[in-house]
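One chain comes next, on its own, written as structure tokens: the form predicted alone.
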Amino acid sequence: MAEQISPSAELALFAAGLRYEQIPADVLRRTEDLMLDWFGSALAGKGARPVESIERFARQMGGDGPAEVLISRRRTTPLFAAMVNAAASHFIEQDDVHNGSVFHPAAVVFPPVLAVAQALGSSGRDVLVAAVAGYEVGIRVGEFLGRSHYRVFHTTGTAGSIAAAVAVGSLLKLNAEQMQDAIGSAGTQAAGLWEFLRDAADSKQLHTAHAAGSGLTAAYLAKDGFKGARQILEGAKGMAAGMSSDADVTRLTDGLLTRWAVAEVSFKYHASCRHTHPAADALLQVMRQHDLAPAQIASVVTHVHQGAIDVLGPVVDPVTVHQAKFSMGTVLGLVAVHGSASVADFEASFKSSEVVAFRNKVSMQLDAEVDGAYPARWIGKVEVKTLDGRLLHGRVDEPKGDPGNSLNREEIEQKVLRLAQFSQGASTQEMRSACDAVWQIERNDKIGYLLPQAAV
């Protein structure tokens, strides 16, 4: 009888052995979609104070190199390019999310993949395989760590370190033993706590920068023979032991090579925390069906899962744009007043009297059905009471951007064009060239740069 291997070893074997030919065509196309969507979010971080702070740090600590920093168009080492691009892509709150793991894969997978691929001269196919490996492993680690983990830990920072290590390990052609070492070294560095939401600290950008950097570091060290813990995920002193009370080890290896978690990832339509999207869509549904103006609404009760209460509950009176994106009332106020919660809406109106007045009408209530379905499904339910005494109900089973209600390629292109225009990160012509490059990435024998280099 064959010897049973550990889940960590099985994950490493999968990641090290994944080949382009094993990945279904629709999953590859989805990965291209996710890459372009990520590119727009990364550019949208240009000019953001915490992102620019991390870029200044990178300038001080890193020299010239082969990898591009998207917000400044300079070239630096893969480590610092990955860190800055990861910080930038998680600022505007429009990067992708996987519902079941409550994990934002793009922000921690594509930055190190792009940076290392540019340094190595990897092919477009290598980039796609590496990204898929990072998504598949990172998502499963997030699911394994469970809901209890997410109450305190920012899963994108913790599981993200593993995802980044696996993705870079794929590009470095690590064997299974080396890949397990990389997972071990990434897991021991995994970090990210939600406390920053209470006082609008900048930690969220540090979480993604750290995850991308620590995962990249772990993979390069493993290539050099550096040994990592063999069961950092499920071991007696591993991540689950210290970070979870409901870890399910079967989730780590669920459906490898048969269930493609990349296909389950959602795009973010509103520029806010994903926990606000189901209720925002449900409120828009009610207002459109009944032709309601904001002033006609007396109160809105959002029926939510516990994760939404845990993350959004501490944000009572947002003082910054970024903190406002974690305020259920503010997001619903924006969609009620403007019909959308775009990056421009937040910048212009999150403190407006109309939005604040509506914010104060909104409350969250734990709903057994919504909580029971979460995190596999993020149902949106609202009760809207009007000033003339009507009680109206709205329900959305798949918010805009979910796999069953997804964005098509034209919508993705329009989204990234808007994000680049918002930050002035690239011209329309530059963005269209980048879109073409991503759509055709599998044909490239050597990955290039997405944007022209800045003039020296």
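This is a predicted model, so every value here is computed, not measured. The first residue of the sequence shown is number 1, and the count goes up from there.
Another form, the form predicted together with another copy of the chain, is not on view; read the next lines as being about it.
**Student:** Looking at 342, 323, 123, 231, which has any heavy atom no more than 4.5 Å from another copy of the chain in the model of the complex?
**Tutor:** Contact check passes for 231.
**Student:** Among the candidate residues 193, 316, 373, 366, which is the single one with a non-hydrogen atom no more than 4.5 Å from another copy of the chain in the model of the complex?
**Tutor:** Exactly one residue meets the criterion: 193.
**Student:** Spot the stretch among 53-61, 425-433, 26-34, 388-396 with residues whose non-hydrogen atoms come within 4.5 Å of another copy of the chain in the model of the complex.
**Tutor:** Stretch with heavy atoms near the partner: 53-61.
**Student:** With the partner absent here, would 268, 278 and 347 each sit within 4.5 Å of another copy of the chain in the model of the complex, counting heavy atoms only?
**Tutor:** Judged in the model of the complex, none of 268, 278 and 347 sits within 4.5 Å of another copy of the chain.
**Student:** Within a 4.5 Å heavy atom cut-off, is residue 247 in contact with another copy of the chain in the model of the complex?
**Tutor:** Taking the distances in the model of the complex, the answer for residue 247 is no, it never comes within 4.5 Å of another copy of the chain.
**Student:** Does any part of residue 188 reach within 4.5 Å of another copy of the chain in the model of the complex? Heavy atoms only, please.
**Tutor:** Yes - in the model of the complex, heavy atoms of residue 188 and another copy of the chain come within 4.5 Å of each other.
**Student:** At 4.5 Å between heavy atoms, is residue 210 in contact with another copy of the chain in the model of the complex?
**Tutor:** Within the cut-off, so yes.
**Student:** Answer yes if any heavy atom of residue 260 is within 4.5 Å of a heavy atom of another copy of the chain in the model of the complex; otherwise answer no.
**Tutor:** Contact check for residue 260: no, nothing within 4.5 Å of another copy of the chain in the model of the complex.
**Student:** So which residues in 210-228, when you check another copy of the chain in the model of the complex, have a heavy atom no farther than 4.5 Å from it?
**Tutor:** In sequence order, 210, 216, 217, 220, 221, 224, 225, 226, 227, 228 come within 4.5 Å of the partner.
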